[in-house]
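A single chain comes next, written as structure tokens; it is the form predicted on its own.
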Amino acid sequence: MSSQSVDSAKSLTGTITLSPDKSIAQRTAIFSLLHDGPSTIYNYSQAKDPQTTLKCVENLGARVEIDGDKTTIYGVGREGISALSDELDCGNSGTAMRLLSGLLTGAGLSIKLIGDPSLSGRTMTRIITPLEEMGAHILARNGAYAPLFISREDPLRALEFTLPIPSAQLKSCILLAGLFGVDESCVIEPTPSRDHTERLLQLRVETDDQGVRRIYASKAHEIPAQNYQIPGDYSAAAFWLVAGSIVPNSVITLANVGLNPTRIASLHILQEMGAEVKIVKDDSDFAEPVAQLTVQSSELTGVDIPPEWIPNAIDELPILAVAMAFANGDSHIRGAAELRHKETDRIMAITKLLDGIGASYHEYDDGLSIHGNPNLAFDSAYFESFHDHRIAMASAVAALRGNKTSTIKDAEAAAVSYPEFWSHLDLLKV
């Protein structure tokens, strides 16, 4: 599809099982390659990004067998990694490109990483600089953009690196390179970011009295088998948490949602705004904490997001902006300049979304102030997704509050992270 029509909704009701978490899925695939032996992963994501990562892992020597809901990856260990082709296509996945850059630097392979036009427009400077300090030679278009030509002739050097921003991808990139080093590398994290890599690899982590974390990696660390069931994607859940809150007479239940504490700042933000969310924990054999969430419509109020919450809500800020537009009072998002370096400039994209529904806002270099109105009314809107999956889905949720049918251009972008989004929307509207 090139565009998707979305009718107004009088209510949303039902229970849905979300797409598997793509951040966890991509990591389990890469870490399974590093493990010497089989890993069994249940509920591996069918979204484009994780499937792209799976193909890259195969091209680096792993054997992949799929049997229904079970994916078995036969890893080759750190010493067995080899390039079966002279380039790896990372598609739209920044996670794949950044994490594999670290792995390839550690392994000392000479290879080219390519991506689609969107990924090729995203700067890789943050990973290039530390990887070159570790001994990599990286040629990049204009010094910053894919394709990346990665090689290493010198011995791998250990690195102690303080993250300049909270970035799980940058952290993971350096740690993956460090796993090949005789001497221990350390990533210092002043502000927490997603901790999937540390959890899944069972890396050593030290936390001081100020909350600063030090994560260590070296060749001496044994790579565990990735025998996990992938939980539902919390980032996908956030769209329904907002939809269920702002569409009247709604009750939505979301099963098996991953609730990693470094991922759910947006849940706390919505609760601060007055969202009614019931949480029932699930003790099944998932890779990380999981719960069933039930949200019902409620009156939301504006919120000033604490700056320290921004890193762990960065992917959910587009849909939170929709919630803010229909809340009572002003909301403020600052310290979110990283949004301008995602699949598109998401601050710009959010302003276009807000223009479409007639919301009032003020744009900053690093965020937005949104003047909410619970009675905000508009007939129909034409939303530009900018080929960004999160903008496409946030626009669809906003469209539910229109009086007539709205249109989302390039709506197929949702498949990058949530292939079932449009069918789930239809299910909830029945």
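These numbers were taken from a predicted model, which means no experiment stands behind them. Throughout, we count residues from 1 along the sequence that is shown.
Below: the form predicted in complex with shikimate-3-phosphate (S3P), not depicted.
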query: Contact residue in the model of the complex, chosen from Ile333, Ala136, Ala243, Ile314 - any heavy atom within 4.5 Å of shikimate-3-phosphate (S3P); finding: Ile314
query: Single option in Leu100, Ala168, Ala349, Leu293 placed near shikimate-3-phosphate (S3P) in the model of the complex, where near means a heavy atom within 4.5 Å; finding: Ala168
query: Contact stretch among 376-384, 393-401, 23-31, 37-45 - heavy atom within 4.5 Å of shikimate-3-phosphate (S3P) in the model of the complex; finding: 23-31
query: Residues Thr95, Arg194 and Lys342 all lining shikimate-3-phosphate (S3P) in the model of the complex, heavy atom within 4.5 Å; finding: yes
query: Heavy atom of Arg126 within 4.5 Å of shikimate-3-phosphate (S3P) in the model of the complex; finding: yes
query: In the model of the complex, residues of 199-225 near shikimate-3-phosphate (S3P) [heavy atom within 4.5 Å]; finding: none
